[in-house]
Each structure stands twice: as C-alpha cells, then as structure tokens.
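Encoded as structure tokens, the following chain is the form predicted alone, with no partner shown.
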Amino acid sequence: MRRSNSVSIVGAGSRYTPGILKMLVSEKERFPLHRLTLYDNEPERLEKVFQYGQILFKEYYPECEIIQTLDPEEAFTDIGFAFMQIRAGRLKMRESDEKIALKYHRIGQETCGAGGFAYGMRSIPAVVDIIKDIRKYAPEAWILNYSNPAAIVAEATKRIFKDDYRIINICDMPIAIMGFYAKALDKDVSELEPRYFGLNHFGWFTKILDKKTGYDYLPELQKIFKTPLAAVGEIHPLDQSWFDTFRFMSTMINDYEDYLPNTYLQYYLYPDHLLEGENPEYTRANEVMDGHEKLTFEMLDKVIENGHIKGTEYELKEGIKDGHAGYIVDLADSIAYNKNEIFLCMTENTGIISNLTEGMMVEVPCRVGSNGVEPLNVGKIPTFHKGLLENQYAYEKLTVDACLEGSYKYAWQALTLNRLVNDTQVAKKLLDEYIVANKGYWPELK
C-alpha cells in the first residue's frame, strides 16, 4: 500500500481550488491523502471553499481529514506538499493593472507587458513571505508554486531560497496547449511528451513525441493548426478571449514555421493586433470576474445549500480531468513515488540552453522525482529566439532587482525594456501611476 500524503493548499480561497479538490478525490488511489489543509488570508472566501470541500470529502473521500485555517503554523506543520496559487491583490488589482496600461495605449495582460510587471512587484513579497512561513514549520516540504507571474516569481525564489531544490515553479499553460494537440490527434495527453524551450509564457514546442514509439507529431500538428480552428469550443470549453487566443495560433504558426508557439507569444509578436482588440472599459479581469469567478462561487453556494453533491448536476464524473488541477497532482505524484516523469518546469540555466545567459530561469522538460527536477539538455537555439528570450529575461531580472532592492531606477529600466512598453517616457508614466495604485503591495521605491 502506498504511504499517504499531507497537503496544504495555499490560497485556498481561489476559484481554482474546487478543481484541485475534485482532482485529489479522483486520484485518491494514485495519490492518497490522510490530511488536506485549506489555507488563506481571506476568511469569507476560504469558508465557502471549505464548506464545499467538507461535503465533497464526506461523500467521496471520508478517509481524508479536511481542515481550514488562517494560521500558518497550523497550515504547514508536518505537511509533505504545499500547492501555492496565490493572487496578490486578487482580480481587482489585475483590473487596475490592465486599465492603467491601456490608458497609455499599452497592453497590461496578467503576466505580459506593464500588467505583468505590476503584478510581479506585488507577487514577489507575498510569495516570499509565505515560503518563509512554510520553511519555518515544514523545512522538508515540497513547494509546488503555481502563482503568477511565474517567471518573475521563479527568478526571485531562485535568489532568496538558493539551493532549495524542493521549491518547484510550474505553469499549466503548456499542458493546456498539449491538451489541444492531443485532442487534434485523437489521443490522450498522457500519451504525449513535449520538447520545449523558453521562459514561462514565452516559449516554443520543438517536438511532440509519442511516449511509446518516439514518433514526432510536430509536423502533423503544424499542418492541422495552420488553419484556424472552427470548433475550438468543442475541444475545450472557453470564454471569448481564450477562444480568440487559440484561433490566433494559426497566424503564428503560418508566420513562424520552425516550432509550435506558446499562445502567450501573441502578445510579444503581434502587440499592435492585440491592442486593437482591447476594450479599456472591460478587460480580461472583468471577463474572469463575470465569468469563471462568478460561476465557481455560484456553484459553491448551490452545493452548500443542497448539502450534497451526489445526485446533482455537480456529481463527479469519471475520466474528467481538470488541466490546471491535474498538472499539480501529477507532479506531486511523480515526486512522492519517485516516478521521474517528464514535466515542463522552470529551472536555472546551467548550460541546458548553451547560448543563453547562465542562471536564467528557463522553462524546459525535466524529469521530476524524489530528488527534484533534472532538466533535459536543449542545446543551442536560433538567433531569433535567443534575442527574444535575452530581452525578456533582462526585463524580468530588472523587475526582481527593483522589488528586492527598492529601486525606482531598476523599475523604470525594466518597464522601458519591456517589449510591450518600449518607450522611456511611457514607462515613467506607467511606473508613477502603478506606484500610487499599488500602495501597500509594493515595497517603497527610491
């Protein structure tokens, strides 16, 4: 029998937590738990998720204890894993990030452009403080960090928690894209294995391999996705902005034929086109608040009111896998039982990509087991891709410098260098306005 695990979900008031709870239930034979702790600093949101979790676990997983807490000592003592998914400032601050950027005719997306900068400056102090708490009460726990903007957070944690190999920064976007590839090939995503290089939200698939045969489906997928998907919604339930994103993949694949791009590259390679489609009065944050966020908490309310899940529209169905939740559970399983399966993780470049800056936090395929991540070698990459990545990393590095050193100069330089700002005077205006909007979240800049 497998030994059971103890997990703490950090930021458990998130709209993503119900999906993680359902995945933990559905994977209980593969990744058994004896205790699950829900931890947050917002009691109202936490209470709703906890009440839902109590009902879910009573009906489907009574052998696992589920608790909620606002106390870090209770949350982290004796845990084996911490699943981190915090959002400093929540969606209201994301809305602020996006709308301030659009005021200056710049993109302010969650992890890209000026918005990614503002969010990164909020996320670093919040993530670092939580990791310090975890290390105080659980020195050996694995910290699987989902918190955005992941590239900036990874650069900061690399510096502050040097050599702590039990901190792993990951993102579910590549596996979500892989899900589209799998559906197009009429396969399960578990049958495919990626080869990939880049930074988080800034990379390219170089191969999509069949795990059994080693066959590379990349040329076949390039041919399929060169035509805009007419039925994206049939492949995955999407809101309008994600629908548009996946349809736009065809433009990128036709223009850049070497590899298959991460969808976020649309912001960096086609900023004028993306800006034309932005609505300064109703941004992606508003879409999320009115969509997934609202629907999730309405579902929680209905389940709590009913007092049960079985026999309702929310009953768990076999074979349904949440990409966001599934990825973090799969990763924990590979670590706990030393499976050494391949995941795309952020890790320090130590010659992995031979012609990129040493120390850059690259996102590459890694074998993951009880000794942490072991990256696969990528080798040398083309000049075009190197140029884009070096510019992006310089911006990310300066953002972390600005936050950790309290430097106005570095913050201004970071925004100026940002590919979606790219203007000294605009960068200063953005920075000054973001400082006011983020009072209490950012360190003081001098």
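Numbers for residues come from their place in the sequence shown, where the first is 1. Computed from a predicted structure; not experimentally measured.
From this point on, the text means the form predicted in complex with 6-O-phosphono-alpha-D-glucopyranose, which you will not see here.
Heavy atoms within 4.5 Å of 6-O-phosphono-alpha-D-glucopyranose in the predicted bound form map, among the stretches 299-307, 165-173, 99-107, 333-341, onto 165-173 alone. Using a 4.5 Å heavy atom cutoff, none of 35, 68 and 137 lies near 6-O-phosphono-alpha-D-glucopyranose in the predicted bound form. 6-O-phosphono-alpha-D-glucopyranose is not drawn, but in the predicted bound form it has a heavy atom within 4.5 Å of residue 288.
Contact between residue 22 and 6-O-phosphono-alpha-D-glucopyranose in the predicted bound form is not found at the 4.5 Å heavy atom cutoff. Contact check for residue 148: a non-hydrogen atom falls within 4.5 Å of 6-O-phosphono-alpha-D-glucopyranose in the predicted bound form. 6-O-phosphono-alpha-D-glucopyranose is not drawn, but in the predicted bound form it has a heavy atom within 4.5 Å of residue 242. Note on contacts: among 225, 259, 142, 264, the single residue with a heavy atom within 4.5 Å of 6-O-phosphono-alpha-D-glucopyranose in the predicted bound form is 264.
Here is the short version: of 284, 122, 195, 158, the single residue with a heavy atom within 4.5 Å of 6-O-phosphono-alpha-D-glucopyranose in the predicted bound form is 284. Annotation for 189-209: the only interface residue with 6-O-phosphono-alpha-D-glucopyranose in the predicted bound form is 201 [heavy atom within 4.5 Å].
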